[in-house]
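Form predicted alone, single chain, as structure tokens, below.
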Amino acid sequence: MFQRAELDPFMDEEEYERREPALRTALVQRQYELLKKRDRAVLIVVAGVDGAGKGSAINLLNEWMDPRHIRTLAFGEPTADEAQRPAMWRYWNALPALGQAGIVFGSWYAPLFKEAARKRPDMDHIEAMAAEIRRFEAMLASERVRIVKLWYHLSRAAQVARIDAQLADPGTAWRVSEADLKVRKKFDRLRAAGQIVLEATHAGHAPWHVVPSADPRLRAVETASATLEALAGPLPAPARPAARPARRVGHGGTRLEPPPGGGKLDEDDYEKRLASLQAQLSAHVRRKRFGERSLVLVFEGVDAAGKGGAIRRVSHALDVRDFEIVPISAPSDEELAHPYLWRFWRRLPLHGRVSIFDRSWYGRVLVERVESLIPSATWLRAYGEINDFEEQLRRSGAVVLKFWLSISRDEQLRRFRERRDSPFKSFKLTADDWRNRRKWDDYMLAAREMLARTDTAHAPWVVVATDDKRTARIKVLEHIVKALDDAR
């Protein structure tokens, strides 16, 4: 894979001067076409051996393209806030929108390369990290993010000569890092690590390009050519890798419409149990050990199922500084310009805090499916993407609990009429509510499949009958308190 680069090929000055003007012109033209068409976002991932000129390559792209419309996304060690979220959180937050380009330096490949470069690398850990990267990049590619990955490489002799030349010049000596100096001692091990990384993560929708880096002219031309292809070439059809296997809890046969009747909780008993459970929840989130965790609550259900009332009883137990209620409605233009899960990644809580989602990422397999807003292949793919997302939350210390609030068709109709006739509630009822009611069977089918495919041990679904609001609110709080008990 590195044979050509280690031959240290070069480009003579005459050929470079012939090709450079055309490449620069084409890059800027394609960049402005991208801004106009907004048919993709472009991610240029820069990686490779230290001392191979990665920084120079980034500078060149910013010089040859309009730097106002290209972002350099440089990542070092995670900050304190970043360390409290899943490892991919900071990369999701930095994703460019459709029509934009980003150059990623110090990417999600840094931990993988570090592990591969150890004296005794853990191959199981490497495969787990590589599999997560493959899923991440496949998801981005399926959401119109064009990924091109540039690995800069050269021979050991050329790397040593380049570093020595920089050290000899006071104007460039400051560029030489400790990592650059270590390469000459560990070149063979780093080369082998690079081979592992590239072989484990090369894909048609996210290919690696090995860029020979001994000659700055050839490096510039090959960098520009690969970038130009990403800006102008066809969007590849991503080959979706298998999602992480999920240990299912199992809700495939759950009845989503409660049977008629059922017990009701009297007001006195309700108030006592409510106060007790809210006190227990409050105590849990104030304990020191919760400072190493977060709580993510998802509330889904048909219109008038009682999501708002249940959320209010949860939030009343919490300090306003420690929680956020995230209402989810139709995506904004900015959100539509990013991959689907982007807006949810941005709202994940720090340790010691709670995020409550009033509707959630499950809209992709519910409303978007039922209303035919997306192709079937997209919502079918989403089950695996959601399971992977929630597994990353769990690994970062989050307790994830999902509630499907289940109301009978008759009780929904009664609540609709009550809202219609009440001056204090009429604003809650819209024409869409009545229209959605006519698609009841379609929503129940989608909900059953959602539960069957995304009910996991690390992020379980809890189906709560809500014809009696008091009983439902108590059940929700009981499950949250128990989940925090079990998470000790």
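The first residue of the sequence shown is number 1, and the count goes up from there. In this text the structure is predicted, and so the values were computed from the model without any measurement.
Another form exists, predicted together with a further copy of the same chain; not displayed. Remarks below refer to it.
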item	value
Heavy atom distance at most 4.5 Å to a further copy of the same chain in the model of the complex, all of Leu7, Ser142 and Glu368	no
Interface residue in the model of the complex among Gln166, Ser396, Ser282, Thr378, criterion: non-hydrogen atom within 4.5 angstroms of a further copy of the same chain	Ser282
In the model of the complex, the residue from Arg217, His209, Arg71, His202 that sits within 4.5 Å of a further copy of the same chain by heavy atoms	Arg71
Contact flag, Gly171 vs a further copy of the same chain in the model of the complex, heavy atom cut 4.5 Å	yes
Contact of Tyr32 with a further copy of the same chain in the model of the complex (heavy atom, 4.5 Å)	yes
Partner contact for Ser372 in the model of the complex: a further copy of the same chain, 4.5 angstroms, heavy atom	no
4.5 Å heavy atom contact, Arg415 to a further copy of the same chain in the model of the complex	no
Options 37-45, 53-61, 437-445, 451-459; stretch whose heavy atom lies within 4.5 Å of a further copy of the same chain in the model of the complex	53-61
Heavy atom contacts to a further copy of the same chain in the model of the complex at 4.5 Å, residues of 67-102 in sequence order	Pro67, Arg68, Arg71, Thr72, Ala74, Phe75, Gly76, Thr79, Ala80, Asp81, Glu82
